[in-house]
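In structure tokens, the next block holds one chain alone, the form predicted alone.
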Amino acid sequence: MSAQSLLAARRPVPGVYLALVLTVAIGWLVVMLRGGALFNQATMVSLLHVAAGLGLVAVGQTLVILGGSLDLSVAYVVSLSTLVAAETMNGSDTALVPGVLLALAVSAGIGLLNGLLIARFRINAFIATLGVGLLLKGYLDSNYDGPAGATSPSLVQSLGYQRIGPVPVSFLLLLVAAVAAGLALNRTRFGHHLLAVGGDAEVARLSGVRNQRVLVTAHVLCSLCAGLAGVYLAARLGSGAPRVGTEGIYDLESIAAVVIGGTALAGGRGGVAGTVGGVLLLASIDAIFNQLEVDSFAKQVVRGVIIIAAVAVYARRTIRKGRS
């Protein structure tokens, strides 16, 4: 992949932020006409909390999609990590660090398994991660009927509910993760190689890139991000939740945020900045619909329309660039 192509791949997608501004402006007007208030502190804090959980998963999903892969097991990784963290902590502050580290270690192990299945054994990413996700689902369903364990009170207070001004600490954690991922893509050999593998795996291999190592690393990082989201959700809920990942539809929602943010599903083009915009857009739609008391079916219809429109717009751009 040429230097010019790399720069294009890293360039953030401003269109999603324009869509975000328009959505918020229209939503504010509609809510105001209905007698509500979109920009009160409670609504904005709730919006940022929603964005934090989804955003952490979506940042990791961005990495694997940029490499031409994807991960459908993230929702179950989120659920499992809440349980590992909460059961290890068992309500004790002294077990806070071991609980977080063990949850992240388990998540990384799942990412390693995903990466090896895809890179070493050549199993299609969709099938491999779906299969791993179903294995995790079977474990969760057979061992847990409801919440388990108890999160450390310090973690609940600091990560779950602490704010700096109007901004939750969890959202700041998302920004740190996004900046770190962006720097990794832009400033490290791993980032260059990941974009090259996503752009054309065979060309990357002939150029000396170790494709397998790059993909395995991307999947480990993706699962780590999902594990971090699980730790955050455990802090919010105060316990482990075996179905919080699937109830939040974090697998499909994270992919949607990545696509809305302008990252190509085929890989090699996109970035974390657009993903953060996609996450904020989805969280804003939720906040607006909650204020308007719109039913969940209508929410999903609107989300589907937005995703299809985003893919159509970016596909058209790609075709135009190919002709020019």
Partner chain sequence: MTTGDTLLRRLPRVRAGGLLPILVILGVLLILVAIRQPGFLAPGSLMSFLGRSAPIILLAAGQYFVIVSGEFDLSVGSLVTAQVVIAARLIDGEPDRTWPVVALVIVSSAFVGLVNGVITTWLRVPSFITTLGMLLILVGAVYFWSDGSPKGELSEQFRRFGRRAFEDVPVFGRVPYALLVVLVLALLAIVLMRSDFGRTLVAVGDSPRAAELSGVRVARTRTIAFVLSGVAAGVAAILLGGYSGVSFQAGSGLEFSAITAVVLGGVALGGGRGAVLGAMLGALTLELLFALMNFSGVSGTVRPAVQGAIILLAVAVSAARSPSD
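Numbering follows the first chain given and starts at 1. In this text, rigid core is short for the largest set of C-alphas that superpose within 1.5 Å between two forms. This is a predicted model, so every value here is computed, not measured.
What comes next is about the form predicted in complex with its partner chain, which is not displayed.
K.L.:
Is every one of Leu70, Leu117 and Ser142 in contact with its partner chain in the predicted bound form, taking contact as a heavy atom within 4.5 Å?
P.N.:
All three within 4.5 Å in the predicted bound form.
K.L.:
Can you work out whether Lys137 and its partner chain are in contact in the predicted bound form, taking contact to mean some heavy atom pair no more than 4.5 Å apart?
P.N.:
Heavy-atom contact with its partner chain at 4.5 Å: present for Lys137.
K.L.:
Should Ala298 be counted as a contact of its partner chain in the predicted bound form, where contact means heavy atoms within 4.5 Å?
P.N.:
Because a heavy atom of Ala298 falls inside 4.5 Å of its partner chain in the predicted bound form, the answer is yes.
K.L.:
Heavy atom to heavy atom, is Leu265 within 4.5 Å of its partner chain in the predicted bound form?
P.N.:
Yes, Leu265 sits close enough to its partner chain in the predicted bound form that at least one of its heavy atoms falls within 4.5 Å.
K.L.:
Flag Val311 as yes or no: does it have a non-hydrogen atom within 4.5 angstroms of any non-hydrogen atom of its partner chain in the predicted bound form?
P.N.:
Judged by the heavy-atom cut-off of 4.5 Å, Val311 is in contact with its partner chain in the predicted bound form.
K.L.:
Give me the residue from Leu175, Leu130, Ala184, Ala95 that has a heavy atom within 4.5 Å of its partner chain in the predicted bound form.
P.N.:
Partner contact (heavy atom, 4.5 Å) among the options: Leu130.
K.L.:
Between Leu112, Ala150, Leu252, Val167, only one gets a heavy atom within 4.5 angstroms of its partner chain in the predicted bound form; which residue is that?
P.N.:
The residue in contact is Leu252.
K.L.:
Hey, of 271-279, 44-52, 27-35, 290-298, which bit sits against its partner chain in the predicted bound form at 4.5 Å between non-hydrogen atoms?
P.N.:
Careful reading of the contacts points to 290-298.
K.L.:
Relative to the superposed rigid core, does the CA atom of Ala25 travel 2 Å or more between the shown form and the other one?
P.N.:
Comparing the forms between the shown form and the other one, which are aligned on their rigid core, Ala25 does not shift its C-alpha by 2 Å or more.
K.L.:
Note yes or no: does the Cα of Asn40 move by 2 Å or more between the shown form and the other one after the core is superposed?
P.N.:
Comparing forms between the shown form and the other one, the Asn40 CA shifts below 2 Å.
K.L.:
Once the core is aligned, please say if the CA of Ala298 is shifted by at least 2 angstroms between the shown form and the other one.
P.N.:
Ala298 C-alpha, core-superposed: shift of 2 Å or more.
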